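As structure tokens, one chain now follows by itself in the form predicted alone.
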Amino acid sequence: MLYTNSIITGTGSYIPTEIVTNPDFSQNKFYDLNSIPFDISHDEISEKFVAITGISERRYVTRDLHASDIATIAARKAIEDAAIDPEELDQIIVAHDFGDVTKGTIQTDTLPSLSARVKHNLGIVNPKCVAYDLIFGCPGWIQGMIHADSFIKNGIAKKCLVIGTETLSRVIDIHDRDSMIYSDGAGATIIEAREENRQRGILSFATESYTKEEAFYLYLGKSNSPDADPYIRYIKMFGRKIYEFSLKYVPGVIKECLEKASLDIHDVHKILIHQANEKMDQEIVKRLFRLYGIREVPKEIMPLSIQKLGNNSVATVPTLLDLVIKEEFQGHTIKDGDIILFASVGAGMNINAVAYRY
């Protein structure tokens, strides 16, 4: 029996060159949501921040680059890695949240779409190569992979390019402590159809959206500073609500994904989860294992890049995948036959997971 498999044949990423450490924020005056300044030192703020998020530094793009530029860089690497002709691509799916934002401004630019810009930058002429953007919060890249898998399994596409790209450093409020969480980056994958006598690649997926009370847990709002222009908006979030929401719902979505593929948690070799918050990610995985009656999580199952790269939204998972596959991340490796879980949660509020056999 032949199976139509959706296989990742190439990966690429762009990690910005500008390193920003926690002490670099000491010049920023932080206020709470009521515009009241925090009456504690930056050292104390930084200490608590690291304890909660695990982030000690993050990466920002240089002034000359935009989200579509770094998406193109990551895409070129993935195309080269897959050794394909880009003219053969059927779909270019670009996940992001804010489009291209020019340094020093707060206005987003999505005309033309980032996917159209990437296709243009790659010099692809083929009009049958369809390019579109996907706005799905932090789970956007995984959702793009789900789209690509659906196109492949239904015979609509044979080769897809899926990208996650973001420059969150350009939509942060420098007077909000949460600004220390966010970063920039891009990750890309080539996913191709393969007719094979065994099932591998994307085995299953699960997705959920919660919008009744949860839709505005992440939103655009005015600066915390009392002196700021109230009509300029920045990325804002209710961190505690997101944390509690994620712990409550994400483990169940991942378990559902595994069950759809007739897999057990013991089958999983790596969990590549959205790098939102180190403590939150660790607790999500703990609760996932508890759903299977397991109290101790295997040490090497979940690589974490957030400590050095921060949270760059849709780019965290594909960037981490690229680094692990190319054996460039803390000794983590993936070998033939390994079961990999991709999972994410973010604005919407959206949750998704994909089970993948390497």
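Nothing here was measured: the structure is a model prediction, and the numbers come from that model. The numbering used is simple: start at 1 and walk along the sequence shown.
The same protein has a further form, the form predicted in complex with a small molecule, not shown here; the description that follows concerns it.
Novice: Among the candidate residues 257, 79, 265, 280, which is the single one with a non-hydrogen atom no more than 4.5 Å from the small molecule in the predicted complex?
Specialist: Flagged contact: 280.
Novice: Would you kindly say which of 45, 301, 325, 304 lies with a heavy atom within 4.5 Å of the small molecule in the predicted complex?
Specialist: Only one listed residue qualifies here, and that residue is 45.
Novice: Indicate whether residue 239 is a 4.5 Å heavy atom neighbour of the small molecule in the predicted complex.
Specialist: Judged by the heavy-atom cut-off of 4.5 Å, residue 239 is in contact with the small molecule in the predicted complex.
Novice: Could you tell me if residue 180 has a non-hydrogen atom within 4.5 Å of the small molecule in the predicted complex?
Specialist: Flag for residue 180 set to yes.
Novice: Mark residue 138 yes when one of its heavy atoms lies within 4.5 Å of a heavy atom of the small molecule in the predicted complex, and no otherwise.
Specialist: Because a heavy atom of residue 138 falls inside 4.5 Å of the small molecule in the predicted complex, the answer is yes.
Novice: Taking the small molecule as it sits in the predicted complex, is residue 218 near enough to touch it, meaning that at least one heavy atom pair lies within 4.5 angstroms?
Specialist: Although the small molecule is absent here, residue 218 would touch it in the predicted complex, with heavy atoms inside 4.5 Å.
Novice: Report whether all of 6, 203 and 205 sit within 4.5 Å of the small molecule in the predicted complex, measuring from non-hydrogen atoms.
Specialist: No, because 6, 203 and 205 lack any heavy atom that approaches the small molecule to within 4.5 Å in the predicted complex.
Novice: Pick the stretch from 329-337, 64-72, 285-293, 49-57 whose residues have a heavy atom within 4.5 Å of the small molecule in the predicted complex.
Specialist: Looking at the partner contacts, the answer comes out as 49-57.
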